[in-house]
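Single chain ahead, written as C-alpha cells, the form predicted alone.
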C-alpha cells in the first residue's frame, strides 16, 4: 500500500488520486503522457486526466501496459473515459483533415485495486480497494 506523509503527521494509508490538468499534459508528447500515467498507476495511484487522451494515445497506453505486466508486480490498468460532447465535435473539414479529438475526462487506475469501474452518461464511479 502506498504510504503518504502529510504535514509531518507520519505515514497515512489510503488511495492517492492524481488529478492532472489539461494544461500540464498539453506540452507533452504521447509517450511522455503514457509514461506519466503509467508511473503514477504503478505507484498504486488513481490518475484522473482533465482533458483525456486521443484514441491513438489510449491504444498506445494499453499496448505499453500489456508489455509491462508481470506476475510478480504490475497487474495492468483499468481505464474509463467520457467522450467529447457532440456539440463540441470538430467540423467536418477538421475530421477530414485527420484532427483527432481527445476524451473529456479519463480515469485510470491499477487493475488490482479497482474492483469495479462503471460509466454512464454523466458519472464515472470507481470502487477502489486498499490492496
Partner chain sequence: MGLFAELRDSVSRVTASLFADDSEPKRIGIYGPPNAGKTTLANRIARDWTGDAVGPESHIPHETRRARRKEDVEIKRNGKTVNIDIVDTPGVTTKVDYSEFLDHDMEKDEAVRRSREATEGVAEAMHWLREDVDGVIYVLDATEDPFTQVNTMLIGIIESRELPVLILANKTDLEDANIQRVSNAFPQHETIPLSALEGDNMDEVYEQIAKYFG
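Here the structure is a predicted model, which is why all the values come from computation and not from measurement. Positions refer to the first chain, counted from 1.
The protein also exists as the form predicted together with its partner chain; that form is not presented, and the subsequent description refers to it.
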Any non-hydrogen atom of residue 15 within 4.5 angstroms of its partner chain in the predicted bound form
no
Is there a heavy atom of residue 79 lying 4.5 Å or less from a heavy atom of its partner chain in the predicted bound form?
yes
Does residue 27 reach its partner chain in the predicted bound form if we count a contact as any heavy atom within 4.5 Å?
no
Although its partner chain is absent from this view, report whether residue 111 comes within 4.5 Å of it in the predicted bound form, heavy atoms only.
yes
So, a 4.5 angstroms cut-off on heavy atom distances: do all three of 32, 39 and 51 pass it with respect to its partner chain in the predicted bound form?
no
With its partner chain taken in the predicted bound form, which residues across 43-61 come within 4.5 angstroms through any non-hydrogen atom?
55, 56, 58, 59, 60
